[in-house]
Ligand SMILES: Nc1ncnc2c1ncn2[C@@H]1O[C@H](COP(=O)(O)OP(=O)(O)OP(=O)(O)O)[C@@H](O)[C@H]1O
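Only one chain is shown below, in structure tokens, and it's the form predicted on its own.
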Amino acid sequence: MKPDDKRIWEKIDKNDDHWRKRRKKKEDFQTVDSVIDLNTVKRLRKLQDKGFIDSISGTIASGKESGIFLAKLGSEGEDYCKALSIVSPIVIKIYRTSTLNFKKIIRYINGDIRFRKHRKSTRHIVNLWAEKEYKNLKRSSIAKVRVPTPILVKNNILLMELLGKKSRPFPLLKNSPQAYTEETLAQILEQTKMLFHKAGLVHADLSPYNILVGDQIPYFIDMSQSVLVSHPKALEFLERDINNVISFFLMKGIEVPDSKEIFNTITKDFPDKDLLT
């Protein structure tokens, strides 16, 4: 757990009662150590009070846009997740309300017909970013693309399946030298094709940092920026995804196919019109 995140959870434990009793003031909409704001703390506590989550045990990752935590399900959460074939622990992804790059993410929202009408306030965009990842993961899961199954989204909080073993997440591709093989590359490209044709999506940020590997099987993660194939920049993003993956494996000494041929193979038969919305 990073020091900043550790301090946050210590503050939550020590000051929970105080925060519950406080009336909304200006500082309630500011962030604590640029990690979790007080409104987010209150939403987490609601999930705990309702028995959906029992406890949060540590940090999986902490970046500029979000913090990712390991959480134990409560009794209500366990019942809810049975239908999704998800067991405890799960992942809680919290999108930061102060450090999200508005200019960067708006290009992935504008042009997405699912979010035609949206306010331009930072808080609304952060919540929309979380909702976008939830919807993208849900579409991908239904299409049988290998992604974490989403559980629910509430404002800037997303709950989803933990991809891992014994409460430990699978490692990133960049940290998995045993997966630097032609077979793994072929699986990633096949998943990219499935994402395009069966889910009607382009990942739009595919890289060794957004692929987990467990038992030699790759899984796609971090899909807030993923766009529908109807997005005006979808093919540009797809080409970039392919080039990122091909370049990485080439750098690792793996024989790779031609990126243009892969792009043409994926795009030659456009997805069903139903996938455009």
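Start at 1 and count along the sequence shown; that's the residue number. Quick caveat, the model's predicted, so the values are computed rather than measured.
A second form of this protein, the form predicted in complex with the named molecule, is not displayed here; the remarks below concern that form.
- Contact with the named molecule in the predicted complex, judged by any heavy atom within 4.5 Å, is made by just one of 53, 238, 221, 227: 221.
- Out of the listed residues 125, 163, 81, 157, 163 is the one that sits within 4.5 Å of the named molecule in the predicted complex by at least one heavy atom.
- Just one listed stretch, out of 187 to 195, 163 to 171, 105 to 113, 72 to 80, contacts the named molecule in the predicted complex at the 4.5 Å heavy atom level, and that stretch is 163 to 171.
- When the named molecule is considered in the predicted complex, residue 66 lines it closely, a heavy atom lying within 4.5 Å.
- Proximity of residue 148 to the named molecule in the predicted complex: non-hydrogen atoms within 4.5 Å are present.
- Taking the partner from elsewhere, residue 210 is found to have a heavy atom lying within 4.5 Å of the named molecule in the predicted complex.
- Contact check for residue 132: no non-hydrogen atom falls within 4.5 Å of the named molecule in the predicted complex.
- For the stretch 72 to 95, the set of residues having any non-hydrogen atom within 4.5 angstroms of the named molecule in the predicted complex comprises 91, 93, in sequence order.
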